[in-house]
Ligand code: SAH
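What follows is a single chain, given as structure tokens, in the form predicted on its own.
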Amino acid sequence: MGLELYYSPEPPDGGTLIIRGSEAGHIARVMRHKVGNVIGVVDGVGTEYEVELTEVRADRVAGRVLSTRSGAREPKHRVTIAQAVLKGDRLAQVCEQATELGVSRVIPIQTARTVGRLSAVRLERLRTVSLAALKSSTRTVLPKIDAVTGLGELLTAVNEFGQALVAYEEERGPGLGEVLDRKAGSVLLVVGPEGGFEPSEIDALKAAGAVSFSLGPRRLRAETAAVAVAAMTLGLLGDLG
């Protein structure tokens, strides 16, 4: 549609779409849109609307739906990153860039060497950052940002994915391109904390069905590794470029 995008999870009612809360305030006060302007709105689950504004208030914006389309600009494959919680704002960086790339879900995990902690406030920030990245990248699906989970819980979920891969700094074997199954409809990418995984954690992941791979001879920061792995995976699957 080529329009500036906004977000509203509410479905249209009788051809009218409503935007509430801070998003309405942004449209009215920051962008200063007026009645008659046409904007793009995404619902976060794959649908994009072209909307002509009929009411503009700081707490409520309404518009007439001119057109609708689904699935635009979204990857065909579902890629999930299970990233160990990182110190400072580094996990927010991962969520932001992963959203831009086309990742479907981010699962923050607690591992043996995890130093950072994920409070409710920090989790909300991750979701806010992801939403902003959705709009700036013109995606239509908002990635799910899970609450923090233990590695043990992740192990029980490995078989829910078409393939599970773990980036391991001590791996001297094959790289991502050699182990990635191009036919997998969904891929789980597991990335450790700043201090890396314990060998026993890698053993547990492999026992659950995950395959480890090498990111080459240079050691990457955890947040760099997560974004690099996501980009490479989506590229190899044909969802980038």
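Just so you know, these numbers come straight off a predicted model, no measurement behind them. Residues carry their position along the shown sequence, with the first being 1.
Keep in mind the form predicted in complex with this ligand is missing from the figure; the text below concerns it.
At the 4.5 Å threshold, heavy atoms of Glu169 reach this ligand in the predicted bound form. Although the partner is absent here, Gly196 lies within 4.5 Å of this ligand in the predicted bound form, judged by heavy atoms.
Using a 4.5 angstroms limit between non-hydrogen atoms, Ala222 touches this ligand in the predicted bound form. In the predicted bound form, no heavy atom of Val211 sits within 4.5 Å of this ligand.
Partner proximity in the predicted bound form, defined as non-hydrogen atoms within 4.5 angstroms of this ligand, places exactly one of 169 to 177, 57 to 65, 39 to 47, 23 to 31 at the interface: 169 to 177. Checked against this ligand in the predicted bound form, the candidates Ala204, Leu215, Leu53, Ala184 yield a single residue with a heavy atom inside 4.5 Å, and that residue is Leu215.
Taking this ligand as it sits in the predicted bound form, the stretch 103 to 136 never comes within 4.5 angstroms of it through any non-hydrogen atom.
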